[in-house]
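Single chain ahead, by itself, as structure tokens, in the form predicted alone.
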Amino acid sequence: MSTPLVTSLPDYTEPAQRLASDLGYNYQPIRAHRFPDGEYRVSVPTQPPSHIIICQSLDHPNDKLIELLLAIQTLRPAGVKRVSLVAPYLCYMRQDKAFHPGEAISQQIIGHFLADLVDDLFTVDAHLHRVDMLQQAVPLKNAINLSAAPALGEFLLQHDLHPLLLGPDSESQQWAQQIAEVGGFDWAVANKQRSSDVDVRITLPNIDFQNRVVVLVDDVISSGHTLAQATRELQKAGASKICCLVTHALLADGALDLLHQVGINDIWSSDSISHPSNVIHLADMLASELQTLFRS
């Protein structure tokens, strides 16, 4: 059997190369050119092996899903029998039910799309709220959802902060608790009431934040409004320093400026999405999981 090849779309080259290095495999890029009308020309590695590992996060998914479709449907006729998709950020997982008549349940639709396209799927801290397992969203035997909490906790241990970890809402409790367990940190969870994408109310738990270093932890930063409001409340409560630790730095336009304006001191993220805040590389964790599966 030929050695697998690692590839990626152009915007995720460095994380994909780190994964290839940790696996001991070669890396070749998928090339994509966008025409003025928005259509893509995609070129894949020629003479590919029978097993391709595509390492590609799926932020800005409306373009990347089309690029993936074109790439994989070109690789299959070229002799590729197994496609393993490593998508540290997995898109369209939030809409897991129809909240109003006529709404598309995008988690199911995109999950089935990916299951039809690839043979294995690896992701990190998928936003699963009303389902227990990734296979319920992406119906593949090898649909594997990894946690970045150990890596995030180890990162915090390297800094002499003695922080209090705070999840900004109930959904973030799992990450706050898991990261805290790595380093024996104090942790708590706030209450969030959301009226719109940008109108958020945060109620802090009844504990003493005076002169504490607080690290806000979550799976995703998107608009930044939840963390910004949590920061304002923490400042009122007397926190001495406020930082943010997150798996996925989506950071929509204006989010980073907002977080700096409200007084967050540091923003730390994994490289699940390429961003200047990346300080935690996921390649070691991902390579270990892939090697375990491929040996089985």
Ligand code: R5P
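This one's a predicted model, so the numbers in the text were calculated from it and none came from an experiment. For every residue, the number given is its place in the sequence shown, counted from 1.
Unshown form predicted in complex with this ligand; subsequent notes refer to it.
- The partner is absent here; in the model of the complex, the one residue of 86, 152, 221, 214 having a heavy atom within 4.5 Å of this ligand is 221.
- Only one of the listed residues (159, 112, 76, 194) places a non-hydrogen atom within 4.5 angstroms of this ligand in the model of the complex, and that residue is 194.
- In plain terms, the part of the chain that comes close to this ligand in the model of the complex, with a heavy atom within 4.5 Å, is 164-172 out of 114-122, 164-172, 143-151, 177-185.
- When contacts are judged by a 4.5 Å heavy atom cut-off, residue 94 counts as touching this ligand in the model of the complex.
- If you take 252-276 and check each residue for a heavy atom within 4.5 Å of this ligand in the model of the complex, you get nothing at all.
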